[in-house]
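Shown below, as structure tokens, is a lone chain in the form predicted alone; questions about how it binds or moves come after it.
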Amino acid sequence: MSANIYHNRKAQWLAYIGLFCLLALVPALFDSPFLLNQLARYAVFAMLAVSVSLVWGYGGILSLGQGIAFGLAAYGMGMTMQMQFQDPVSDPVPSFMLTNDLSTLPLLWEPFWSTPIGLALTIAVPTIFFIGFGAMMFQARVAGVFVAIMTLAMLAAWYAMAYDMQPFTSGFNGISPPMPFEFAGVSIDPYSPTAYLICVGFLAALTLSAKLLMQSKFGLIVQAIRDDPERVRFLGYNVAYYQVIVFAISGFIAACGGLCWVMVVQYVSPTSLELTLSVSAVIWAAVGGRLSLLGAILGAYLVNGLQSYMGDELQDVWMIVLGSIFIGVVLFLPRGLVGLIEDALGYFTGKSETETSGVAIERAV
């Protein structure tokens, strides 16, 4: 019998490249600014889903705190864009600070006068936080549901800080940079093909890099830890080290999503740190297939597309519908949509799922 092409690495890479080429062709096929902006947002959500797939599907770490990195990066990007609008001499303090009795720019905001430094901090701060937070958890051998609880608690703490520190974050009103993001003298219209292609470019680069990493020796060890951490520990590997690294990489990916998010919406508020977003990302990954980075992307696009086109008519009950979808996937499609694809390809190539179930690591695509 021929092997299931689903597990063929060349076929997998072709599928990834084909998807990203298709996404890159969207501006040539559609010229609607609204549609391009909407699809750019879906690409951002797909980055968040990929971060969940990496840490949960490959690493076996159910994190409900991916919104931490997303939200911190969103605020960093919002601060960078806001300071691009301010004038160092005539208008150095944003208006929302003046209404909160701040007459001078806080020290926290000073580095964001420089766009390159602001962008570096936007990505570095969430990633470093995930390293420190991950080290605290995994060195103590926190695992399973306790990781979910700790990440959830930390997410709630960051949300409360963003909400309560109104003089610095504008509280619930959020930060609304008046002008589009500008880099190297180029203004990036959030409704332009340029902004869309930047988001898709980030998604493609992060996803392909993560896939390449997971097919390396490092990735195989991470997946082995997911399946049996004690056995890996007895083989002499530092389990906590690998868990911290994969946790930090997932935070980095989520942070890139937060950066792109503010670029395309020109707004950031504590909603970026709400539990709803982090839980939704878990649902996107589960619907598409948490063991597949490609599946997580498909899940993000599918669920958000359904929400966009069904949300108006099912506005009051959409979250119930979304929860029902998640429950249905858990009960009947534990491998998500890619599980159906795997079974279909196995059927046509003459290899049943039970015959290939022994290769657990190869199933992760």
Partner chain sequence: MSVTDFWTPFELNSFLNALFIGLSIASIWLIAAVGLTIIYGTMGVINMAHGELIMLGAYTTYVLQTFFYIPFLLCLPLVFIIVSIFGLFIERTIIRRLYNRPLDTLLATWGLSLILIQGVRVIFGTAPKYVSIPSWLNFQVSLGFLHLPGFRLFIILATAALIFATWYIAYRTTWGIRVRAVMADPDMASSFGIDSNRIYSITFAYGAGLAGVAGALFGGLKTLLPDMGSGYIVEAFLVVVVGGTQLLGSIFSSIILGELASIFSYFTNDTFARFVLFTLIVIFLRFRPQGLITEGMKRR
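The shown structure was predicted, so the numbers you read here are calculated from the model rather than taken from an experiment. Numbering follows the first chain given and starts at 1.
Although it is not shown, the form predicted in complex with the partner chain is what the next lines describe.
Engineer: At 4.5 Å between heavy atoms, is A140 in contact with the partner chain in the predicted bound form?
Structural biologist: Yes, A140 sits close enough to the partner chain in the predicted bound form that at least one of its heavy atoms falls within 4.5 Å.
Engineer: I'd like to check something about P33: if you look in the predicted bound form, is any of its heavy atoms closer than or equal to 4.5 Å to a heavy atom of the partner chain?
Structural biologist: So P33 does not count as contacting the partner chain.
Engineer: In the predicted bound form, is there a heavy atom of the partner chain that lies within 4.5 Å of any heavy atom of L107, even though the partner is absent here?
Structural biologist: Taking the distances in the predicted bound form, the answer for L107 is no, it never comes within 4.5 Å of the partner chain.
Engineer: In the predicted bound form, does Y309 come within 4.5 Å of the partner chain, counting heavy atoms only?
Structural biologist: Heavy-atom contact with the partner chain at 4.5 Å: absent for Y309.
Engineer: Using a 4.5 Å heavy atom cut-off, which residue among L212, A120, L220, I149 comes into contact with the partner chain in the predicted bound form?
Structural biologist: Exactly one residue meets the criterion: I149.
Engineer: With the partner absent here, would A160, M165 and I327 each sit within 4.5 Å of the partner chain in the predicted bound form, counting heavy atoms only?
Structural biologist: Per the other structure, all of A160, M165 and I327 touch the partner chain.
Engineer: Tell me, please, which stretch of 37 to 45, 328 to 336, 23 to 31, 296 to 304 lies within 4.5 angstroms of the partner chain in the predicted bound form when heavy atoms are compared?
Structural biologist: Answer to the contact question: 328 to 336.
Engineer: Heavy atom within 4.5 Å of the partner chain in the predicted bound form: which residues of 80 to 99 meet that condition, in order?
Structural biologist: If the 4.5 Å heavy-atom criterion is applied to the partner chain in the predicted bound form, 80 to 99 yields nothing.
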